[in-house]
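A lone chain, given as structure tokens: the form predicted on its own.
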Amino acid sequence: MTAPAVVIKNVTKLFGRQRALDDVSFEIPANQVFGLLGPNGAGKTTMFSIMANFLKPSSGSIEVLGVDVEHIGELQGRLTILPQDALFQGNVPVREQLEFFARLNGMTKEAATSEATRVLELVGLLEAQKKNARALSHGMTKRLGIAQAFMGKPEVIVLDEPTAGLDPVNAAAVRALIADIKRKAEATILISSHNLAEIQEMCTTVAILNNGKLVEYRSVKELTQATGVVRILFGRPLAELELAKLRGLPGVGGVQIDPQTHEYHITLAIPAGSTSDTVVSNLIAELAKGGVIPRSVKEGSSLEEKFLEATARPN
């Protein structure tokens, strides 16, 4: 069995009387994309800060690649972390900063130059390489941080809100980059994001924190798998009469609209002697008669629904 990339053991962090983290334990499998989720104030940033050895835990420990982060120097080049609001020197050209970071990781001058070119191309910033960081937009600065995080061949990459502030094109490019690393199993990537549809698409396993406690830890497939629930995305919002027709079709127990993804979440009330496949086929055929064609049909709950359920439970 492959050893986990990250092991979090009974981590508690106190700020005065406030428990930012409360006896949290879980493991992050190697060579997967892992999601760390939670509402604001749940403890995600504190966890990342301890993982980076910016903060010390009040008790417990974190091991990355078998190394206690108390000895973070042993992880040089193997662990990279992109904070949510990574800062760069405002008056230093982008390329110079990346080459400097590469030299800090032990690369030769020639290797640092080559690596800076590679990651700048990776995030679409090669044309901005001579610009000072202060001249970059928020989205470009975010991409610069991602470039830094992917320099060299890190084995564990921590990304805090990697697509926040990016336009749809650049956000899709970041997701594609992460998907490519996931497909090749080249590294373990830990992502925190409030975009739950994005997490559901990219991640294999998730942990959910709430009020400093671990309230859920499962594979995305296990968490979202649910019988009797179908999510349908149409090419356009349904008109009131079309929505009323959908709600009145045989086998439809209820309909809710996800405000983030605009999917229609349909709870099935399957009649005796029928199946979910039959019910779904019939409702799609009935809607198609009126020119309403689905773009996608997915079985199971959305991650957002399960996130709201998990964070609503009393700790």
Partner chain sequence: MLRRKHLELVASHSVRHGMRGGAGLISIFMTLITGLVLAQCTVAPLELMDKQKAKFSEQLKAEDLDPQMRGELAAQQGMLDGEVNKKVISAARSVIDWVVEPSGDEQLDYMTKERPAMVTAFLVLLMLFTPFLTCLSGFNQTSSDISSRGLRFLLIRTERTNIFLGRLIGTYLFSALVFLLLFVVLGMYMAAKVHVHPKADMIFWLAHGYLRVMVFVMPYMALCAWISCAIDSAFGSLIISLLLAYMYPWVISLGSKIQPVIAYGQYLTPFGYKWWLFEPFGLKFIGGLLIMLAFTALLTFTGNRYFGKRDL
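Numbering follows the first chain given and starts at 1. What you see is a predicted model; the values in this text were computed from it and never measured.
Not on display, but discussed next: the form predicted together with the partner chain.
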| property | result |
| --- | --- |
| In the predicted bound form, the one of L214, L125, I81, I181 near the partner chain [non-hydrogen atom within 4.5 angstroms] | I81 |
| The partner chain contact at H262 in the predicted bound form, heavy atom, 4.5 Å | no |
| 4.5 Å heavy atom contact, E96 to the partner chain in the predicted bound form | yes |
| Non-hydrogen atom contact V92 with the partner chain in the predicted bound form at 4.5 angstroms | yes |
| Exercise: T205 in contact with the partner chain in the predicted bound form, heavy atom 4.5 Å | no |
| Which of 24 to 32, 250 to 258, 51 to 59, 266 to 274 lines the interface with the partner chain in the predicted bound form (heavy atom within 4.5 Å) | 51 to 59 |
| Contact test, all of L177, V220 and F234, partner the partner chain in the predicted bound form, heavy atom 4.5 Å | no |
| Any residue of 88 to 116 that, in the predicted bound form, places a heavy atom within 4.5 Å of the partner chain | F88, Q89, N91, V92, E96, F100, F101, R103, L104, N105 |
